[in-house]
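In structure tokens, the next block holds one chain alone, the form predicted alone.
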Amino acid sequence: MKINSIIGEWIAPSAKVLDLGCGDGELLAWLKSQKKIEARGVELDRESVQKAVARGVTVYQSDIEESLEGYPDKAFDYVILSQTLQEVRHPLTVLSQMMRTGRWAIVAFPNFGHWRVRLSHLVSGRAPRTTLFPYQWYESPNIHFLTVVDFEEMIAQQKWHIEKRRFVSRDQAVGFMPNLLAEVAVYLLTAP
């Protein structure tokens, strides 16, 4: 079960979608072709922006932490942040802006509570390195090491609502003990 497939299932046809940290635009291009969405992306890396534009997706180069303030409330049906939450400096600010600018927010992130990450840290005594987190500590783009439990606790504190959630490990659905067994968590959120 691929993360983009889960996100694609949740997005309605003809929706207005903003993808934050959209990379090379693969997801947006697929959604545009399959779901006929109105696609827009934000990406910091210049080369990725060029690849996204070559795919026919409207993407502009910007830091996502600075780009959301200019959008009016509920400008989009869906705002996506996939595999980027752990890399932003101010995740709560980014999530709050997503909830303000979109009717729904879709957030996918690597679960640092996964047993392989825990075991790697325990056995090696060093910053975890697994196939999901292959970086040396000094090269990692990850600056926040959140777990499923951490995320859901923050959602409850903000009084946001979890519409749907899916957990995945090695492209397989995880239904039991997601904080321990899921490598990636995907959420569909709304604000009251």
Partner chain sequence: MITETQIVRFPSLRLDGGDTLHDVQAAYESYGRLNSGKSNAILILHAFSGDAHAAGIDHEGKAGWWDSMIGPGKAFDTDQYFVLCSNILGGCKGTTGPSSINPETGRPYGMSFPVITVGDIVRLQQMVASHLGIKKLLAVTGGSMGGMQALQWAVAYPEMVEACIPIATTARHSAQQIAFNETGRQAIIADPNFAGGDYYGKQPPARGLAIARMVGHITYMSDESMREKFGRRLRNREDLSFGFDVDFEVESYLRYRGSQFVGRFDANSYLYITKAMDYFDLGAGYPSLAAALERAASKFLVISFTSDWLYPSYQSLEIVSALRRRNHDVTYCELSSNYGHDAFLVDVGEQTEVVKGFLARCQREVVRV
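The structure displayed is predicted, hence computed values, not measured ones. Numbering follows the first chain given and starts at 1.
Here the subject shifts to the form predicted in complex with the partner chain, a form of this protein not shown in this document.
Only one segment in the set 125-133, 140-148, 39-47, 153-161 has residues whose heavy atoms sit within 4.5 Å of the partner chain in the predicted bound form; it is 39-47.
Taken together, L92, F109 and W115 are entirely out of contact with the partner chain in the predicted bound form: none brings a heavy atom within 4.5 Å. Looking at L31, you'd find every heavy atom of it more than 4.5 angstroms from the partner chain in the predicted bound form. Not displayed here, the partner chain is kept clear of Y78 by more than 4.5 Å at the level of heavy atoms in the predicted bound form. Although the partner is absent here, L27 lies well away from the partner chain in the predicted bound form, with no heavy atom inside 4.5 Å.
With a 4.5 Å cutoff on heavy atoms, R55 counts as touching the partner chain in the predicted bound form.
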